[in-house]
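The chain below stands alone, shown as structure tokens; this is the form predicted on its own.
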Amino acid sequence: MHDDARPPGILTASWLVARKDLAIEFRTRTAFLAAVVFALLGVTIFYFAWDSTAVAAMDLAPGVLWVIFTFSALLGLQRSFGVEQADRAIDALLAAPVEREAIYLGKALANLAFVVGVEAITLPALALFYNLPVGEVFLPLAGVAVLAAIGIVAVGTLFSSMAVNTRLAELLLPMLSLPFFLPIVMTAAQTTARLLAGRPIADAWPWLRILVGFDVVFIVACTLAYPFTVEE
């Protein structure tokens, strides 16, 4: 009997992997809640340590925002492949009739939803604590946050797959990722500072263009590199 069943395409397979990861996180919510608590705690600590007579809120907020986003993202990236480590479920995933790149893209998509969710809660909290006038620039600011999240997730997902099989995964992932996060966080912070200062978007465009460029490079490079990280 002729079997017409075909393996799913790369986009379908990516969505299936992402949906599986999101379903697991939705049932447990442990990593997401931990990241949100960490982010809100970070906002609170920075607020009470802030001397408003020495540093204006507009100058402090971009740095606080991106330090918190970066380390909150690491909490989600750490669990990306670790969730399947205990029972070696990743072996079954690698044996599935799908492209290796689809596994990476699916993991990255789930991580992106995780990071954007944390950002969606943290950004209003930061604006409230520091009394930031984000009303008029909220949409551009949200766009910058999503673009930065894409770059962070692209790099972090790749390094998470590399670090998960090591005994020092919790230490190795930040050590590998943070140097590559630096250009993303730097350009996002510069863009955020200009938007919060009320300057026109045209003034932030050079930094925004660099951010988009890094996103494209990291997405392509990490997608192509992922199959080599899972070779025996």
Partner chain sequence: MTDRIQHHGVDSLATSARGTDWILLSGFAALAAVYVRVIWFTPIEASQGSAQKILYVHATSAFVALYLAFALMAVASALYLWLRDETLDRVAESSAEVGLAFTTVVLITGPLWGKPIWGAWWTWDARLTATLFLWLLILGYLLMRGAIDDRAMRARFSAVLGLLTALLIPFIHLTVYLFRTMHPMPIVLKPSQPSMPPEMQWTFFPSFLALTLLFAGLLRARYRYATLRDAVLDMENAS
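Numbering follows the first chain given and starts at 1. This one's a predicted model, so the numbers in the text were calculated from it and none came from an experiment.
Keep in mind that the form predicted together with the partner chain is missing from the display, and what follows is about it.
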Worksheet item: Taking 4.5 angstroms as the cut-off for heavy atoms, does residue 110 touch the partner chain in the model of the complex?
Response: no
Worksheet item: Hey, in the model of the complex, does residue 200 get a heavy atom within 4.5 angstroms of the partner chain?
Response: no
Fill in: Close approach of residue 16 to the partner chain in the model of the complex, 4.5 Å, heavy atom
no
Worksheet item: Is residue 9 one of the residues lying within 4.5 Å of the partner chain in the model of the complex, judged by heavy atom distances?
Response: no
Discussion item. Between 46, 32, 38, 207, only one gets a heavy atom within 4.5 angstroms of the partner chain in the model of the complex; which residue is that?
Written reply: 207
Discussion item. Given the stretches 24 to 32, 63 to 71, 174 to 182, 50 to 58, which is the single one in contact with the partner chain in the model of the complex, using a heavy atom cutoff of 4.5 Å?
Written reply: 174 to 182
Practice prompt. Taking the partner chain as it sits in the model of the complex, which residues of 214 to 229 have a non-hydrogen atom within 4.5 Å of it? Please list them.
Written response: 214, 217, 218, 221, 222, 225, 228, 229
